[in-house]
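Look below for two forms of one protein chain, each set out as structure tokens: first structure 1, then structure 2.
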Structure 1
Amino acid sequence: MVRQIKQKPMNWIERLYIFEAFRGLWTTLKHALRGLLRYETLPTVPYPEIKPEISRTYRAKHRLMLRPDGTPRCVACGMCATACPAHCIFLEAAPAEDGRIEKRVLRFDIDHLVCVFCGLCVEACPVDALRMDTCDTSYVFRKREDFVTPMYQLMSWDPKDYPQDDLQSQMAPGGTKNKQALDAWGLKVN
């Protein structure tokens, strides 16, 4: 459908420019006075000291979800690595000790210098083992190798930093739902 936008022709007062200029000056004056007298209400924040609020739905640094006993939930199916357009997920699988699970993951690295934060890995994961809701947007290192985030770092998140209604996160060790989840999960099968 073609939408036609009709532009209102300026009336003669507007065409004189000078009055409109004064209106513009008034607007900027209000902003300037706001900055001067109510400095703390400026929408910008002094960045590294005060972090901006980042929504949970923002695609930030990855994390690996945990089972109630603290092992990664990942079943090493490799779907995320397949889906990744940047080829920056490196994983190695091994036979799981837990009889209920076929494979476990030995190594799970994400190269965050290569990652384009598309979120396709999260979509691809069949067991919801990978998420990008850490709200961690600024991680700065001196060496390139440090940007390759290994598995233990992806797993080292704290359930206390996540909302209570995020049940999947609260089931991890340390979370509020961990005990019930452990009961339901059952004892470790050796």
Structure 2
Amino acid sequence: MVRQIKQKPMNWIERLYIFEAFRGLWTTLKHALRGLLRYETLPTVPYPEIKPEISRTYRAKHRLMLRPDGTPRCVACGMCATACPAHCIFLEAAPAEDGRIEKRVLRFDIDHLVCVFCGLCVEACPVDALRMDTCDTSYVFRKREDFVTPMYQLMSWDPKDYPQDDLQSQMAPGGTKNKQALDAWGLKVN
């Protein structure tokens, strides 16, 4: 159903447009003077000193999820690399020693210069091994090669930085649920 918005007809003063133009200029002048005279009232954040609050749902830098024993959750199925429209994910697989999975990942690299941060790789992952909830949005490197993030950097995150209700993150080594997860897996607790 089409929704029509009824507008009231313009009067003769509004049809001249000169008063409307001055009204727009007055609004611009008010905002400019506010920035010059009352700078502290502007809705800005002094970025390098104070970082803005970033939501966990924001698609930021990637991280590889870990199993309770510290190995990556990735089963090297290649669905993330296939779903990636920028073709920035590179992975190599090897047979797994663990009988629960068929393959394990040897190499998992993401080229963040090519990545468009669309999140399709996260959606395609069948085992929730890849996430984009690090809230890390700043990438500063001197060489192009440094923008390629290898597997060990994708796995170097701390469970303390993530909420307690994120059970998958808390089951990783160093998390609050790691001991229970190791017991459930039947592994020894050191």
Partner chain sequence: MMEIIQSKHWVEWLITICKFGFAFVPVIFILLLIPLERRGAGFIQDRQGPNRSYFKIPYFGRIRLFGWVQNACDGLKLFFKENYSPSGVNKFIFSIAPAIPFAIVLISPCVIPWFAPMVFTMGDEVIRISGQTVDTEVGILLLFGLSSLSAFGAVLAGWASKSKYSLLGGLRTSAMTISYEVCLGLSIMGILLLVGSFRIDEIIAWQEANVWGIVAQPVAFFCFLIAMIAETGRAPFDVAEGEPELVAGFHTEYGAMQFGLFYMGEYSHIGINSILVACLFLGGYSVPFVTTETIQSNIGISLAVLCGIFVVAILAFLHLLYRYARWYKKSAASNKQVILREYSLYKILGWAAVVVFAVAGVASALFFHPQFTVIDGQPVYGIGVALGTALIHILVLLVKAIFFCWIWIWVRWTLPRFRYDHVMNLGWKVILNIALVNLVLTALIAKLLGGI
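Computed from a predicted structure; not experimentally measured. By rigid core we mean the largest C-alpha set that fits within 1.5 Å across both forms. Every residue number counts along structure 1's sequence, beginning with 1.
Between the two copies of this chain, it is structure 2 that is the form predicted on its own. In this overlay on the rigid core, T27 has a C-alpha that sits 2 Å or more away from its partner position between the two structures. In the core-superposed comparison between the two structures, R15 has its Cα shifted by at least 2 Å.
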